[in-house]
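Have a look below at one chain only, the form predicted on its own, in structure tokens format.
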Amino acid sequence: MKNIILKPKIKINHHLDLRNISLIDASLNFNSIFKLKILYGNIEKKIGDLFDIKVEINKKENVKVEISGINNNCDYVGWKWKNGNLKINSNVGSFLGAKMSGGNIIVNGSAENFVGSEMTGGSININKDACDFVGSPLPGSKSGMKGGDIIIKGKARDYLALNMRRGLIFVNSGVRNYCCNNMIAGTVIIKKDIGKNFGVGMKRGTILTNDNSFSKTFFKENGFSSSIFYQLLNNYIIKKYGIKMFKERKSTMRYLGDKNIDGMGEIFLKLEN
């Protein structure tokens, strides 16, 4: 297959819509990639107008696209990504991996808003931070992510996992406010602070956290839980992403809610010894 390496010829000072990078596959040659349309500010350009393009042959089955030198002005990278590997060696803008259904996206930097919005499969691995609406619905929609994994090795901000329906979100640090609101299903792991109005409207799903500041009015204690589930989840994350989720302990307190809507979502508290 092919390695496609993209590097900007200029500093990206305006909004750049890069969703058509997802059209790159093994059938495209240099000229076809050069001619793919992108929108820079309000002007339609070709990828080759703004990027140096290098095409290499590799022995692997999947296409690999590698991008260096972009920044927070670059949106829709990995939009509807289906297969292959996408690697970004910088920060990136909003809508990273939105609507993706397969493949892998790695960001050696931070990302802006709507990471993995409405994704149904694949994995997104961000080595620094993300902003608002991780795994949430796109603007004007009501359904959040329906599958896949989002791994954030730093922190995230507001509305993470809003209306989430399926999949896994892991945040190695903390989040801010309104996270896991109206969550329908899926698994969310947050190792540090959770912020205000956490889990409001949660119907089902599973949350694991070390922060006990969520509302005890919304979530009622339901006794201790076995560690088998944590061990299985921990093993999955270690094996696939090389991250240890938490220290093992024999039991952890389980809460159910949001009780205001008769929700049956689960929060497992105190993962660390």
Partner chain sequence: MIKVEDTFAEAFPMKVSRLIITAYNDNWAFNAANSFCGFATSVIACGCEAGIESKLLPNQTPDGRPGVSVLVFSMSSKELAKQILNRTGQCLMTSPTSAVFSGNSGEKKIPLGNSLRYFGDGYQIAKMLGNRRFWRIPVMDGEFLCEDFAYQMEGIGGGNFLILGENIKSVLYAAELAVKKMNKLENIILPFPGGIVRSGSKVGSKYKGLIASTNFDYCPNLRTIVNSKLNRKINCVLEIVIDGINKQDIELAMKLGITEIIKSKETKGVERISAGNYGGKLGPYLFKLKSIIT
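Positions refer to the first chain, counted from 1. The shown structure was predicted, so the numbers you read here are calculated from the model rather than taken from an experiment.
One more form of this protein should be noted, the form predicted together with its partner chain, which is absent from this view; the next part is about it.
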(message) Within 4.5 Å, heavy atoms only, one stretch in 234-242, 52-60, 23-31, 65-73 touches its partner chain in the model of the complex. Which?
(response) 234-242
(request) Verify the contact flag for residue 187: yes if a non-hydrogen atom of it lies within 4.5 Å of a non-hydrogen atom of its partner chain in the model of the complex, no if not. (result) yes
(message) Residue-level contact is defined here as any heavy atom of the residue lying within 4.5 Å of its partner chain in the model of the complex; does residue 254 satisfy this criterion?
(response) yes
(message) Just checking whether residue 264 would be counted as a contact of its partner chain in the model of the complex - the rule being heavy atoms within 4.5 angstroms.
(response) yes
(request) Please run the contact check for residue 204 against its partner chain in the model of the complex: heavy atoms, 4.5 angstroms, yes or no? (result) yes
(message) Just to be sure I understand the contacts: of 128, 87, 166, 157, which is the one whose heavy atoms reach within 4.5 angstroms of its partner chain in the model of the complex?
(response) 166
